[in-house]
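One chain is shown next in structure tokens, namely the form predicted alone.
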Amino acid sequence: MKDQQSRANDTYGKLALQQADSTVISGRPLSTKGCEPLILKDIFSKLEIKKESKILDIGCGCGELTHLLINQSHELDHNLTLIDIPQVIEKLKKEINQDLLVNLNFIEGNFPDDLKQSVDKDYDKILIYSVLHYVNNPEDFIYKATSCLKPGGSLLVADIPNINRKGRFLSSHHGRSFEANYRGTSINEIPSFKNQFDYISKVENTNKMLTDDLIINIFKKLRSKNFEVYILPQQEDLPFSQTREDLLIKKNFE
């Protein structure tokens, strides 16, 4: 059986080779199309991105959000580095206007241990958006990403599908009603769960590594290593704001 990362590589490698919709190619349903500008605005707000920043996007994908990030970074004179598997990077290179290639860098492979070149250790801002559920070791992934920050830099691990949070939401009447409306069906068609733990015990086809315990452990460990860490909600107008959350990690000056 393939691991999380290998399955993700297969899925997104195939999507990159197809003429898929720019939202679908990022792993989001077509019903969320048009949300990308809102996502980018939320990212820039949380990371407090300014002009002439050095930015790293790990697991960038090749959908609409990435193209918006590239355009915005060009306007703000960012030095932007994108990391993803070869098929994704190749698609981006074919689609990007040559004028946007200034200060734009590409690294092929899987972060952190299977890359075709090394990653700098002095980024002002690092983005990991909707990626954590596709990696084999989320904790190690985040710790190694923080090593690429310069003092005073910030890392946003965003759109984390914490299974406890989703369980809390879907075990409530409000959550079930919301889910029914989202699916366009009756609330009677939505499973009922006693609580978050009942949900976790019964749900299938989801990454059960991403839990409250994982988030709290990362929070405590990084704070013990002189980082500031914040658990942030997503804006209500983002696609999965009811069931996902973000981690903002700031590296203190020594």
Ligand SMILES: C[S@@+](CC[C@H](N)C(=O)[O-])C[C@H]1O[C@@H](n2cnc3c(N)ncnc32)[C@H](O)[C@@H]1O
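What you are looking at is a predicted structure, and each value in this text was computed from that prediction instead of being measured. Start at 1 and count along the sequence shown; that's the residue number.
If you look for the form predicted in complex with the ligand, you will not find it shown, but the lines that follow are about it.
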- Task: Using a 4.5 Å heavy atom cut-off, state whether Asn162 contacts the ligand in the model of the complex.
- Result: no
- Message: Given that the ligand is not shown alongside this chain, does Leu47 nevertheless sit within 4.5 Å of it in the model of the complex, heavy atom to heavy atom?
- Response: no
- Message: Please determine whether Tyr123 contacts the ligand in the model of the complex, using a 4.5 Å cut-off between heavy atoms.
- Response: no
- Is Val135 close to the ligand in the model of the complex, meaning a heavy atom pair under 4.5 Å apart or at it? yes
- Query: Among Gly167, Tyr199 and Thr243, does every residue place a heavy atom within 4.5 Å of the ligand in the model of the complex?
  - Reply: no
- Considering the ligand in the model of the complex, find the one stretch among 143-151, 176-184, 77-85, 94-102 with heavy atoms no farther than 4.5 Å from it. 77-85
- Query: Does any residue in 112-140 get within 4.5 Å of the ligand in the model of the complex, counting heavy atoms only, and if so which ones?
  - Reply: Tyr129, Ser130, Val131, Tyr134, Val135
